[in-house]
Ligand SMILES: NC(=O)c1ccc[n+]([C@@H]2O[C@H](COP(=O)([O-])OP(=O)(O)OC[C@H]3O[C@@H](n4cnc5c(N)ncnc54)[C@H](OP(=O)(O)O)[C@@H]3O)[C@@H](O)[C@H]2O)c1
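Just the one chain here, laid out as structure tokens, in the form predicted alone.
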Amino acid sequence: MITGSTKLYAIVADPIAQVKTPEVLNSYFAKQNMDAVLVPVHVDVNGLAAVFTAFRSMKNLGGVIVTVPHKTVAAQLCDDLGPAGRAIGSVNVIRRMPDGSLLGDTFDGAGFVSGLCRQGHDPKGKRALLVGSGGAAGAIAFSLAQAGVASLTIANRTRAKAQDIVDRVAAVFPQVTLLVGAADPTGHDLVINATSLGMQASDPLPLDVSRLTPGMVVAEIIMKPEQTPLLLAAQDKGCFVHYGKHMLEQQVNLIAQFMLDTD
């Protein structure tokens, strides 16, 4: 039951109907017997700055989760950033501090890598292809390098955006081989779609599935639909498939601890 003392949390996105976080976080709050609720806030990029100004004034707001397509802009609107958010220039969670300032960081990468490992796909020593250059892609690139991948190729239609991620990650992890390349899975052990392609039935495939081979791990970060056209094609090719839900499942505790400022 929502009361006058309920702590408010929000998730901002555009579109927002596809997000699964409200169900997951509200279930977490209930299990922890917390008087808190997470609500969806549908706002486009033109209204994001105004919404963030309002967040600073909302004294019963505990924090905000940020998803597509706002992660990079949201980082610019925060008052301070954590280490991963600062390195990548994007955030997916924000804590409202007692003085109203907004502290942002990202756990997309940590959640993704943790999800991989929990499913038996440790990325250490693997050759990885990452398609996309948004906020989630940057965070995943950072965490894959941190986890010790042998090489990481980033593919994106706008090459400069992919190069920006490579430069940012290389500055922290110079020992990892980092490249900007094509969306061609040939020669890779781990293939990740970090774009939004697959959310709509009419979307083109994010990469050349004819070049997938048995034994590759093909991963999504999309939550809905769970079974995307890419994953269906990967199954047909004999690949291991990894669902977007695994990233969110592993992020729940990290996100909650950050927004609630708990250990």
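Small disclaimer: the values here were computed from a predicted structure and weren't measured. So that there is no doubt, residue numbering starts at 1 and follows the sequence shown. Definition used throughout: the rigid core is the maximal C-alpha set that superposes within 1.5 Å between two forms.
The form predicted together with the ligand is left out here; the points below concern that form.
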Although the ligand is absent from this view, report whether residue 157 comes within 4.5 Å of it in the predicted bound form, heavy atoms only.
yes
Consider residue 153 of the chain shown here, and say whether it contacts the ligand in the predicted bound form, taking contact as heavy atoms within 4.5 Å.
no
Any chance residue 85 has a heavy atom within 4.5 Å of the ligand in the predicted bound form?
no
Partner proximity in the predicted bound form: residue 228 to the ligand, non-hydrogen atom cutoff 4.5 Å:
no
Within 4.5 Å of the ligand in the predicted bound form, do 21, 64 and 77 each have at least one heavy atom?
no
Among 233 to 241, 33 to 41, 49 to 57, 196 to 204, mark the stretch whose residues have heavy atoms within 4.5 Å of the ligand in the predicted bound form.
196 to 204
Out of 94, 191, 137, 144, which one falls within 4.5 Å of the ligand in the predicted bound form, going by heavy atoms?
137
Judged by heavy atom distances of 4.5 Å or less, which residues of 223 to 239 approach the ligand in the predicted bound form?
223
Align on the rigid core first; then say whether the Cα of residue 67 has moved by at least 2 Å between this form and the one not shown.
yes
